[in-house]
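Before any questions on how it binds or moves, here is one chain, the form predicted on its own, in structure tokens.
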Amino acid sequence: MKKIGIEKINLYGCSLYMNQYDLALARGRDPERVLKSYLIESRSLNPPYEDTVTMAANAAKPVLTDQDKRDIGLLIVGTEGGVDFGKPISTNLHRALGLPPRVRNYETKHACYSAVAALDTALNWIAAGLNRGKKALVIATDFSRKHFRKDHEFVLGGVAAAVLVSDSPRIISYELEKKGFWTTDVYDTFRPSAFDELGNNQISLYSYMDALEGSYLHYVENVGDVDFDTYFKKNVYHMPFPGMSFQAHRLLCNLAKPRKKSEVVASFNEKNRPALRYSQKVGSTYSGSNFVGLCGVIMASDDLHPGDRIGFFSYGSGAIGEFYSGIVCEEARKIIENMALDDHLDARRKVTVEEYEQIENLRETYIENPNFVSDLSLLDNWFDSYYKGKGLLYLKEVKDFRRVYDWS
């Protein structure tokens, strides 16, 4: 079977961040306990002139050459933060990125699973030969709603991940025949309106774990003899927050064979902690979780080599779990290193808790507002410092619900 996988990848972690230690203090919580429980150091935050469209475009643009654009025949965007109930944001991105007209495009939705569902479609489209030599652009883009003073306020965040999928993978080649699934109907986290993002933490935890165990066992059933400790060099789990990765890894460790907590911790530190490199800086990664984890595990693992296998788990509330795997390519580390993701995240502006609340309150006034002009003067004219002249997409205004974007 020919190799199919990710040729290029890039992340956009927004232009602002808030320190979790500061938020914990402001909310009267023990900062050390918050950091230890969630394993989030900081969370990404969008100024109100950014949305899922701008995030997606700013992730994709840096990696696409003019030839790449001509080669794209399929564009799929996975998100639970679409800006319209009918028009998909893939059409906005098609225009913004300057793609040719003969591109099939659409938006997928299944909570945090949506981008992996999009990836799976792209991989099979190429494997079937229906691409006729074309490539697929898959983008995950999401950010959190306002959740002031709620328990889950500490697991918020946002990120966009853009991946170019082709039959010339340079980062990871997926094992298309090796997959496992598990699904059920549950209301764990959901968005019943453009304003609301609701959830039950306990139900979500149990549903996540059921989906992980069910999809992994289905993977083993389909693949055959799998020794969890040796079959996968590294593991990447869906991260509603980075600390969830430890819970996931512990489950699979003990499913393989019961062991002491110290042994689980050692296995986690070796096989999974590197995947948290970027998620710890951006917070909740939604549908981009597996892509953020992939970048992290490649950049933070000194013992990961071409030909090694990575096991992935994707989860989408509602709910579905998918367990799948891929093989690391020769150029993986070099390509991701060249994207300078650490420099991008370090360039974000730190906001105070007061500024964070101001931004979220203003953003809420933009939701379903038929007419407004984005306020670019926020945070001492942060737009002029970070965006102006940098070629980043931003939301300029909304006219009669029609969104107008422009490049800075």
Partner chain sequence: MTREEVFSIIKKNILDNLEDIEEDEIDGGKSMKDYGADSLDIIEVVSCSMRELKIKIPRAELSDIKTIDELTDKFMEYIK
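Please read all numbers here as calculations on a predicted model, not as lab measurements. Residue numbers count along the first chain shown, from 1.
Just so it is clear, the following notes concern the form predicted together with the partner chain, a form of the same protein that is not shown.
- The listed set 309, 250, 134, 178 contains one residue whose heavy atoms approach the partner chain in the predicted complex to within 4.5 Å, identified as 250.
- Listed residues 193, 201, 338, 222 were compared with the partner chain in the predicted complex; 201 is the one with a heavy atom within 4.5 Å.
- You can rule out all but one of 99-107, 251-259, 165-173, 293-301: in the predicted complex, only 251-259 has residues with a heavy atom within 4.5 Å of the partner chain.
- In the predicted complex, no heavy atom of residue 153 sits within 4.5 Å of the partner chain.
- Taking the partner from elsewhere, residue 217 is found to have a heavy atom lying within 4.5 Å of the partner chain in the predicted complex.
- Proximity of residue 206 to the partner chain in the predicted complex falls within the 4.5 Å heavy atom cutoff.
- Looking at residue 213, you'd find a heavy atom of it within 4.5 angstroms of the partner chain in the predicted complex.
- Relative to the partner chain in the predicted complex, residues 74, 121 and 125 are all farther than 4.5 Å at every heavy atom.
- Contacts between stretch 218-248 and the partner chain, counted in the predicted complex as any heavy atom lying within 4.5 Å, involve 241, 244, 247, listed in sequence order.
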